[in-house]
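Below sits a lone chain in structure tokens, taken as the form predicted on its own.
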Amino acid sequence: MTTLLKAQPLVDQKIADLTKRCQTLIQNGRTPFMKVVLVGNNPASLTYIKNKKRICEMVGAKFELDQLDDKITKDEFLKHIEKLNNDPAVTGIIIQLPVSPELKTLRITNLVNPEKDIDGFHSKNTQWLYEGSYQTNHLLPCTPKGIIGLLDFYQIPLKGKHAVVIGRSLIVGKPISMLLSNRDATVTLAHSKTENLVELTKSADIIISAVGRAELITVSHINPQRKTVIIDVGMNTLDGKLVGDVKFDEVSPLVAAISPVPGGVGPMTVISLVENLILATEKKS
């Protein structure tokens, strides 16, 4: 029988833990304070931000959105980020992507002070991955951190397993590849130019798809004898319905475990962000 890797049981557990940690910090005079910087009025971004605000306030942390005009200049934007970097009350900063075309030439990932970089994108934070860390008690990219948390919660073994990661972005693909490798998995990083994807996925014990292509992974990619575990990171719209990168109805009966969309990786990303906020505040206290 296929195990559904639902996030909610783990999210509930983490909310209880993060609430206690947040209360302790507040009692010690240090309130976790998340600032989200949004350029423009992107509806999808506003939806993501709403979820971040909800979980942030659920654990007792402070949240504020700085919504900037989409005509803001580079100099004005940099001054605003620097102001937040220098504000001792702000313990976590997110620059919500995408930014305006004017700002895309900036090296966004390194603008936030690494101690306040709760997205985990600053090069000083991703350095932990290059150094071989397998722990998640660092400010690591949130989706990979959430994926590892989900695998650990459901006691999915990683050591010695063949993991195929599809997608090589700096947000998901590359960092999750390093985290898996640091956990002693053998990792194959596939992408849009990979020619033998079906062959690779059929040899995989774990498949992580993070390419954003609706129902890319079908029964042709699965070897039922391997009892594969699938983590579906995709968030796509197909015929007005939210779907992942995996053709769920066809594939799920053939695998040992699979994360649903919605209800799988998405909530883990948000809770990992709030976890990073609490962690950043603890490190400053």
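When you see a residue number, it is the position in the sequence shown, counting from 1. Given the structure is predicted, the values throughout are model-derived calculations rather than measurements.
There is another form of the same protein, the form predicted in complex with a small molecule; it is not shown, and what comes next is about it.
Only one of the listed residues (Val36, Met235, Val251, Ile55) places a non-hydrogen atom within 4.5 angstroms of the small molecule in the model of the complex, and that residue is Met235. Taking Ile271, Leu277, Cys22, Val265 one by one, only a single residue has any non-hydrogen atom within 4.5 Å of the small molecule in the model of the complex, and it is Val265. The closest heavy atom approach of Arg183 to the small molecule in the model of the complex falls outside 4.5 Å.
The shortest heavy atom separation between Thr143 and the small molecule in the model of the complex is within 4.5 Å.
By the criterion of a heavy atom within 4.5 Å, Lys161 is excluded from the residues contacting the small molecule in the model of the complex. Remark: Leu216 counts among the residues lining the small molecule in the model of the complex, judged by a heavy atom distance of 4.5 Å or less.
Just one listed stretch, out of 87 to 95, 106 to 114, 191 to 199, 70 to 78, contacts the small molecule in the model of the complex at the 4.5 Å heavy atom level, and that stretch is 191 to 199.
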